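To begin, one chain is listed below as structure tokens, in the form predicted on its own.
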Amino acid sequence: MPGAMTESEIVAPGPAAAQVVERAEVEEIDLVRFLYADHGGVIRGKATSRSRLAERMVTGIGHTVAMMAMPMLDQLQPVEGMGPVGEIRLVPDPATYVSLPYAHGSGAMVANMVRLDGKPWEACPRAFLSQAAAELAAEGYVLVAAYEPEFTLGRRTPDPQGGPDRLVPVDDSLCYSATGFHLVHDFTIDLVRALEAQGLHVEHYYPELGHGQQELTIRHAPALRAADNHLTYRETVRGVAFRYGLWASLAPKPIPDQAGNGAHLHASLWEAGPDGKPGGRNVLHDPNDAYGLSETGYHFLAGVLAHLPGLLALTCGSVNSFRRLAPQMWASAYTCYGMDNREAAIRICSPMWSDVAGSTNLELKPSDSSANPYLALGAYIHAGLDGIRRRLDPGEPVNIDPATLSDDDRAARGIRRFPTTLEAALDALESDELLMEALGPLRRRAYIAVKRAEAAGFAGRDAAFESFHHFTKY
């Protein structure tokens, strides 16, 4: 086969892969899932048996190229290079192996999409983030990040009027209410234990504003690991819920009249150490600045703001996302930044007293779990790096709710309203030369086609139809 690896080139698994095979034997794992996030933000994958694991760690599992042209409604789109002809391999990263506490006898790894010649496929989302991180490293920086996800816990219930199933929340407790802790205690403890068992260290947990809404965050990590962690987190939340006969949805608006679910992105920027890992200095921090942010930090956030209209198509990647992004909903709706301003697109976060320099970070509010985390975080890096390279100025901080300003005041301060639909965000993305160039021809062609198809698929449909298809997918 021209361009493909031959049988003689397929070698035994390396030490890291061999350790995975040994763990699977000891833990009596029967099936190992090779998982990825598609352009629709849906987590998909294939699994191999324990008896074939050693081989598949090297060769991967065969996969049609067409799957990355599949929207969340599973209606394959005509994308050049992603039709019925063509094959890639799902090749797992052994560093991501976990045995699944909520799925007896199963393990999982995050997979890279690899061409038959062994090189990264041009539409592999994980490769996109790896390449963005490498470009950042070439400038001497390492991004450390963590998603801050919210989810709604409920029961999938038939609609009495014969419409699509609804998500009915498990409780109607108040925000941060102690009652909320009590009502989902057993589920939450099992979730915490499942996350910790997979190496995801829990930071904090509390019942959120919406009925049945929960927030549980995990420890930050370098960019690629942070995205891997978010994929594992999403799978674990839903897997543990299913064991309880419940549904957990990380969709932005699974219930139209309740608070939306974000996955705010927290990030800091570190000097790269000699080993390429985060070094000893967080370059976002400046103790002499009024807000504790360095000149580099202001340039970085200015880059994100400059590219935000198009970036939204990647960080808030679903039709449902734009039900959440409304003024005075604490989700952000305007391109501005401020100190601890939860209505701004970017919040400069108050640092922790125990480590002021190390905990200085930026929070991107318009971010949710319907996005592909690799594409979202990779594009975020490209936008911020562009701000550093061009030394962009973000202007003055906005330390009030921007919705309370007049239109003229917002215009004078350069504060723009976000795109209000996925279609509008996609238009902005296609107009953003930097982000389109970073995505590359095949990936951008497929992503735009998938997302345009999703926008068309929900056009003219009611909120019940939209909510059903989002709460069951994310």
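The first residue of the sequence shown is number 1, and the count goes up from there. Note that the structure is a prediction, hence the values are computed from the model and not measured.
Omitted here: the form predicted in complex with glutamic acid (GLU). The next part is about that form.
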item: Non-hydrogen atom contact Q213 with glutamic acid (GLU) in the predicted complex at 4.5 angstroms; value: yes
item: Contact flag, A111 vs glutamic acid (GLU) in the predicted complex, heavy atom cut 4.5 Å; value: no
item: Proximity of E150 to glutamic acid (GLU) in the predicted complex, heavy atoms at 4.5 Å; value: yes
item: G260: touches glutamic acid (GLU) in the predicted complex, heavy atom cutoff 4.5 angstroms; value: yes
item: Listed residue (R324, R234, R126, H382) with a non-hydrogen atom within 4.5 angstroms of glutamic acid (GLU) in the predicted complex; value: R324
item: Glutamic acid (GLU): the contacting residue among H285, H230, H264, H307 in the predicted complex [heavy atom, 4.5 Å]; value: H264
item: Candidate stretches 291-299, 213-221, 386-394, 100-108, one within 4.5 Å of glutamic acid (GLU) in the predicted complex by heavy atom; value: 213-221
item: In the predicted complex, residues of 299-331 near glutamic acid (GLU) [heavy atom within 4.5 Å]; value: R324, M329, W330, A331
